[in-house]
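Laid out below as structure tokens are two forms of one and the same protein chain, each shown alone and named structure 1 and structure 2.
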Structure 1
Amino acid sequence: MTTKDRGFLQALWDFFCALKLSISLLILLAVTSIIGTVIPQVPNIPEEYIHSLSQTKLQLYDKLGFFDMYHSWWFILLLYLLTVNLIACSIKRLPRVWKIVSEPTLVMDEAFEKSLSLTHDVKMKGESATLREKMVSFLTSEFAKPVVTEIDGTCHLFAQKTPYSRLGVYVVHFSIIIIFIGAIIGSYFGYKGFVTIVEGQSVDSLTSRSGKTIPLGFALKCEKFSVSFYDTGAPKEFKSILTVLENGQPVPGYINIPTIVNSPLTYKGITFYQSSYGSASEGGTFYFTVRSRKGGAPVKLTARQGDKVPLPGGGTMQVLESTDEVRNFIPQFSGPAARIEVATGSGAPQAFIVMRNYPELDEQRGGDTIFSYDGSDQKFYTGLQVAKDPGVWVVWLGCALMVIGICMAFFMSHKRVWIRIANGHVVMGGSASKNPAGFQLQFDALVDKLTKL
């Protein structure tokens, strides 16, 4: 390898080991993550949001992957660079730290003593052997069990606490890499998609974000769907009652499972999250009572959405849409309602709302025919987000390691105490990897106890 090649490789190594690179990558990831928060991500991109963008901006967002930012090539590249940076920093700095942990300095000679910020010299009477036993007992009871070293008639004692706390930052590094590995496993071997299931029906596949159909390996049936509302008309809670089917038969333990927002159903590693709902376009039947304003017996009518139904006396009606809560149409009313269109042959068709709880209101409309809405057996569909992530347990492992590493790095300190016994003098020194002010108080307390021996 030429000198030029070695120089390039060294420069590349220094680049990936730089703390500036770590800070820059973390800032970039934080800033770009805002994009994924502000811009809707697939598959939950509202149509009105798409229409609000100009064609140029839409194409730019699509090319840059802003609609699926966390899977875009440039975001993944930032994660890879951060991973390489963490590995390089750990490889460069870990050997020195590991040597401090595994091969501590056992002897406090005069040169090493001068490097310590905390030292104290106490003159004590007694034989060297007696002082040695006394100091061993002292450190064992007040700090930690010491290691004793004899050199040229001088006795050295060394004791330490939580030496492995120095590795906390590397545990955090390793945990981040583990989390990235879990995310990669989930990205390559998992998927995210959605399903819609009409009440009483079942599905055995899902549609992925890319539009691909993926078989579930089992069937999921929506037994019933229900929704409740606040007084304002906003949905309060919508709930699906789901049953898992294997070979057409319900799976014990997975029958009539209530699934609501923040309480998903998980089966065979596939999780179903309650996401949306709506009225099914097929299978609903609506019931009305129709009577003439001029008098006569009321007539019961049955209609399906979109079908034109003949009216007594001529004309037709059809159901345009319906709701279980009329507040969606008119805020001051409540209860089921239907929007219908009536064509009499004379003039343009009229569309209006008929409410089940307020049958008398249609009399005020002024038409020749008065309608009462008797209800429907309209079915709902439930919309479920589907996710399979085999790397989730790897991610959780990484999160647990991160918590441990953060506790080691921020709440624990490597504390060391040395004692040298020579010529009737006991010299004690100490140091701590973190919180020197706190350790000084502990060291002063040890000195105070030592002088009283």
Structure 2
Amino acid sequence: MTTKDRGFLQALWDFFCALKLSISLLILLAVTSIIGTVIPQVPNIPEEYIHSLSQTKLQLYDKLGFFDMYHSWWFILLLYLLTVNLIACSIKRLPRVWKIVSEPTLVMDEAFEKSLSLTHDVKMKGESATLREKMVSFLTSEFAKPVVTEIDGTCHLFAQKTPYSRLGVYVVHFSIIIIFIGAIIGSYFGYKGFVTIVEGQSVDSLTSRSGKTIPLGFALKCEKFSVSFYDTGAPKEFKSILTVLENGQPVPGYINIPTIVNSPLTYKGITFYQSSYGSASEGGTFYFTVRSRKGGAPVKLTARQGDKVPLPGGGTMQVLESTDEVRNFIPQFSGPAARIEVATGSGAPQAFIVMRNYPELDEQRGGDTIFSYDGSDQKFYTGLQVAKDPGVWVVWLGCALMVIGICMAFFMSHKRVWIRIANGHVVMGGSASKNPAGFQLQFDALVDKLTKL
């Protein structure tokens, strides 16, 4: 290796070790992250938004990856740079800190004493040996058990508390790397997708976010779906009753599992989250009762969606649309409803709404034939988010480490106290890695007790 190469490598190393780089990267990440909260991101880009952009803007945004910003090469690059920076900083600084932890300064000589901001000198009578015993028991009871070193008749005591708190910063840095590894595992070996299952039916594959069909390796059956509402009409709970099937057989322990928001179902590493629902478009049959205003027995009718059904008094009717909860459209009413179109041959066809919970309502319409809606056997479908993320446990491990590291780094302090006994003088010195003001109070209290001995 030539000196020039070494010079370059050294410069590169220094570049990655620099605290300035960390600060710049953090600020750069903060600023660039804003883009993705202002520009819509795939897969949720509205058509109108695309049309509102000029052609040049569209191409520019697309080239820069602004529509999938958080996965664009330059954003990922920033994250990798931050990781390298983090590792380099830790490699550079950790040995020094480790030395403080593993090889503490046991002796406070006069030069070291001058470097400490907290010191106190007390004159004490007594034999050196008795003073030493006194100080050892003093530190043990008031602070921590000391290590005793004797050099040329001078006795040195050293006691410390939570030296490992100095490593907290590195635990946090390490936890960030673990979280990144978890995220990378998830992005390579996991997927996110969606399934819709009609009540009573089952699926054995899902559609991923990129539109690919992925087999589940088992089948998932939706036994039943239900939705309940608050009095205000706001949804209260969506619930799917799910059963896992292997080779067509229900799997014990995974039969009729209620799955609601905040309580997903997990099987073989694949998790299903309740996310939406709707009415299945296929196969519903609607039931009506029809009677004439002039009197006569009411007649029961059945109609499939889109079919024109002949009416007893002539003409036809057909179901245009239906809902299981009319409150979402007409807040004053509740329950199932259908919009039907009636053609009597004379005049234009009439479309109107009939509701199951209000059978008398249609009388007020004033038509010759009065309809009431008896409901349908139409089925719900449940919409489930599907996620497989083998990296999630790694991410949780990283998060746990981060919580531990942050508690060590912010709420614990490495406190050290030295005592030197020589010629009837007891000199005490102290230092703390954090919160000097707080430690000063503690040190003053120690001095107070020492002088009263």
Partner chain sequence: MNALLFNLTMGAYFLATLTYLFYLFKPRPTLGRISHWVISGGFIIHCMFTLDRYLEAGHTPITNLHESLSFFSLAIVGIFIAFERKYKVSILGSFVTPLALVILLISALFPSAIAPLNPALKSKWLAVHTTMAFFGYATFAVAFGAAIMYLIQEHFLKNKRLGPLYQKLPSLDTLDEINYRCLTFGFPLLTFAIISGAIWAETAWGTYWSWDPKETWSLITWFIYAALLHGRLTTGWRGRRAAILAIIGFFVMLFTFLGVNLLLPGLHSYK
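If you're wondering where the values come from, they're calculated on a predicted model, not measured in any experiment. Just so we're on the same page, rigid core means the largest C-alpha set that superposes within 1.5 Å between forms. For numbering, take structure 1's sequence and count from 1.
Here the form predicted together with its partner chain appears as structure 2, and structure 1 shows the other form of the same chain. Once the cores line up, the CA of Lys294 ends up 2 angstroms or more apart between structures 1 and 2. Positional change of His425 between structures 1 and 2 stays under 2 Å at the C-alpha, relative to the superposed core. The Cα shift for Glu360 between structures 1 and 2, taken after rigid core superposition, is 2 angstroms or larger. Once the core of the two forms is superposed, the Cα of Val309 has moved 3.2 Å between structures 1 and 2. CA movement of His51 between structures 1 and 2 equals 6.7 Å, with the two forms superposed on the rigid core.
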